[in-house]
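The chain below stands alone and is given in structure tokens; this is the form predicted on its own.
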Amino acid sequence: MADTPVRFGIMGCAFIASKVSRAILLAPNATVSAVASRSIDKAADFARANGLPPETKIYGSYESLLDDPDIDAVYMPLPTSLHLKWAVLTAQKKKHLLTEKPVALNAGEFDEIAKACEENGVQIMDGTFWVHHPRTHKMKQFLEDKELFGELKTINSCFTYFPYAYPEFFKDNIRVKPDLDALGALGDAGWYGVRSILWATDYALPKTVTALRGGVLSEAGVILDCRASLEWEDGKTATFHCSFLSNLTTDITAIGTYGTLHVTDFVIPYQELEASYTTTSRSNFKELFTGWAPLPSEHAVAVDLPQEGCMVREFADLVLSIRNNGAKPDKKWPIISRKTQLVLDAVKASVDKGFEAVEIVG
């Protein structure tokens, strides 16, 4: 049993599940053992289309997947409105949970999920790929370098995309349906912006969050475009922009007293097995303002697995430690998820209150 990889059941056949099922197959310590859909034919088609092992079990209900004693962990790519029910049931069945984000519709729902996971001794992690990329750890080393970067002053983050190839997006996609993913662009893309800001601040929650005017809501009241500013008691500030209405952009700019970090593909790197970022430190204009000195430095980071494979490998290591060594679930991941959820809640509350500042209480 100690040598057996973590056996995943995939709960739902959303588009993102194809990417993560591939990641599970690439990870050295994980495998796909089952896939479930509300349609057994859809589950079978998914297994074939994604090259799952021939012995993969096919289920026509989520309950059947959860009742399988040979499943160690569940990957859950369901719409956010379904997370509370199925995440709690997953935990009650003693199965570890890798779930798509946002984890819940609000922090209250999140706390119910986290409580079920804690009571049943199972690991929970949200599926934010980029935080597991080795590049992310290298960038954090720069932010922590007091000589090169100094003290963090401000962070600006952006994740926007326009679904050019999907003209029916604003009519059919779950991300714009209030009964499925009610947070819209804030939950889908804003989660990344908020997470990147918290990552840069060592997950220190801001004091206040203010949604900026000029956002766009659909006729059903779902956020299609949103901007917000965040402020900390020590004077740090941040902004983020998330949108379904602007060209694909995934940027982080973190500015310190001495240095600046730039990354332009933080959500999904331009290349799968190599990613880069740019730093400047103690730069100034040359005499007569003819250029910069020193010039920015570009840093490339090669990887052995795509970032989603790194995520699965890290999650599976935690599960194996619990299963084989009696370790406790790592509380870092639900804490980080909850803080992200709290900031999303504050942005949504600010929008609902006419763009008033909202104070965060952790």
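Keep in mind it's a predicted model, so treat the numbers as computed, not measured. In case it trips you up, residue 1 is the first one in the sequence shown, and so on.
There is another form of the same protein, the form predicted together with another copy of the chain; it is not shown, and what comes next is about it.
*Asks:* Contact between E109 and another copy of the chain in the predicted bound form at 4.5 Å, heavy atoms?
*Replies:* Judged by the heavy-atom cut-off of 4.5 Å, E109 is well away from another copy of the chain in the predicted bound form.
*Asks:* Do G51 and another copy of the chain share at least one heavy atom pair within 4.5 Å in the predicted bound form?
*Replies:* G51 lies outside the contact set for another copy of the chain.
*Asks:* Check P296 for me: does it contact another copy of the chain in the predicted bound form (non-hydrogen atoms, 4.5 angstroms)?
*Replies:* Result yes; P296 sits at the interface with another copy of the chain in the predicted bound form.
*Asks:* Do T250 and another copy of the chain come within 4.5 Å of each other in the predicted bound form, heavy atoms counted?
*Replies:* Yes.
*Asks:* Counting only non-hydrogen atoms, choose the one of 80-88, 198-206, 100-108, 285-293 that falls within 4.5 Å of another copy of the chain in the predicted bound form.
*Replies:* Answer to the contact question: 285-293.
*Asks:* Just one of N173, T136, N120, T154 has a heavy atom within 4.5 Å of another copy of the chain in the predicted bound form. Which one?
*Replies:* Selected residue: T154.
*Asks:* With another copy of the chain left out of view, which of T264, Q92, S218, Q141 would have a heavy atom within 4.5 Å of it in the predicted bound form?
*Replies:* Comparing distances to another copy of the chain in the predicted bound form, the residue within 4.5 Å is T264.
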